[in-house]
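In the block that follows, a single chain appears as structure tokens, in the form predicted on its own.
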Amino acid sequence: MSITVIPRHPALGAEVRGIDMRRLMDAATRQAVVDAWTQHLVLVFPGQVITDQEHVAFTRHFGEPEIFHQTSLNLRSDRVREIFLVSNVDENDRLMTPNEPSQKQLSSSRQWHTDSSYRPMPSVGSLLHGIEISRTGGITQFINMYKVYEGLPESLRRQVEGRRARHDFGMLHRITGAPPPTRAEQAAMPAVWHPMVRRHPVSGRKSLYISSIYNDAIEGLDEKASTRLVEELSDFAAQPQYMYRHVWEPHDVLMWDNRCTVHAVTPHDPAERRVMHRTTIVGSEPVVAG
């Protein structure tokens, strides 16, 4: 295959043409995709009518798919265990209400975050397949955290340089009202500390590394000051010059780098079906301070 890469936004995001995810990629094509991913951080592959199995197989070109550790809320597919269900429709085709536990937890995705930052080795990236998309919202927004770090005012830069933030999966239930993790889930995923400025293992560039739905503490600050700093950093990051907003079309697949971006989804009408299936690429190394 030969690919065509068309930028979608000056800060990040590009459309990739010439890929059929139902077919194996040769080494040269894979490298071309990796190069485009490194440059643009978020790739859009339009018109990929794929099965979950093909989704997982494509993901394996870039690393091992993560198996979501939480089993109590039915967010992991029973049919293909590498698939995480970012959906308001269950696998029996039932539209769920916003008050159901899984939907409460998924509501956290409206806040800026990066996937699996609560792991000792956070994920490399994610691939999200829009099977049934929303027309009343559900826009996925991405921020280039390289550019955010480079643009930080000195007052904020001083507060993050050399500091670590804690990332705790258990924070989700505190901010959404979803049930807390079970004891086994808590034991499997204890809170971890990561540098707030990280160096990307491929590009070598520095980026701000925060994940507001998991960050519950910052070294040297009390709880209120930690919360305030994460909010201030998130507000600074959410500027149009740093952001690509993806309006979905059916069977778009998005692939993004969790090591240098954050993302959030806009609300949509809960009576409208939205079926999105995600794979997440397992992290291969710990976060290295920038």
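Throughout, we count residues from 1 along the sequence that is shown. In this text the structure is predicted, and so the values were computed from the model without any measurement.
Keep in mind the form predicted together with a small molecule is missing from the figure; the text below concerns it.
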Review point. So in the predicted complex, does any heavy atom of Thr140 sit within 4.5 Å of the small molecule?
Key: yes
Review point. Is His113 a contact residue for the small molecule in the predicted complex, using a 4.5 Å heavy atom cut-off?
Key: yes
Practice item. Spell out, yes or no, whether the shortest heavy atom distance between Phe45 and the small molecule in the predicted complex is within 4.5 Å. Key: no
Check your understanding: Contact between Leu128 and the small molecule in the predicted complex at 4.5 Å, heavy atoms?
Key -> yes
Practice item. Work out which of the listed stretches, 259-267, 234-242, 65-73, 36-44, brings a heavy atom within 4.5 angstroms of the small molecule in the predicted complex. Key: 259-267
Exercise for review: Sort through Val197, Val86, Met171, Ile133 and report the residue having a heavy atom within 4.5 Å of the small molecule in the predicted complex.
Suggested key: Val86
Study note, to complete from the structure: Answer key: of Ser109, Ser123, Gln103, Gln159, within 4.5 Å of the small molecule in the predicted complex (heavy atoms) is Ser109
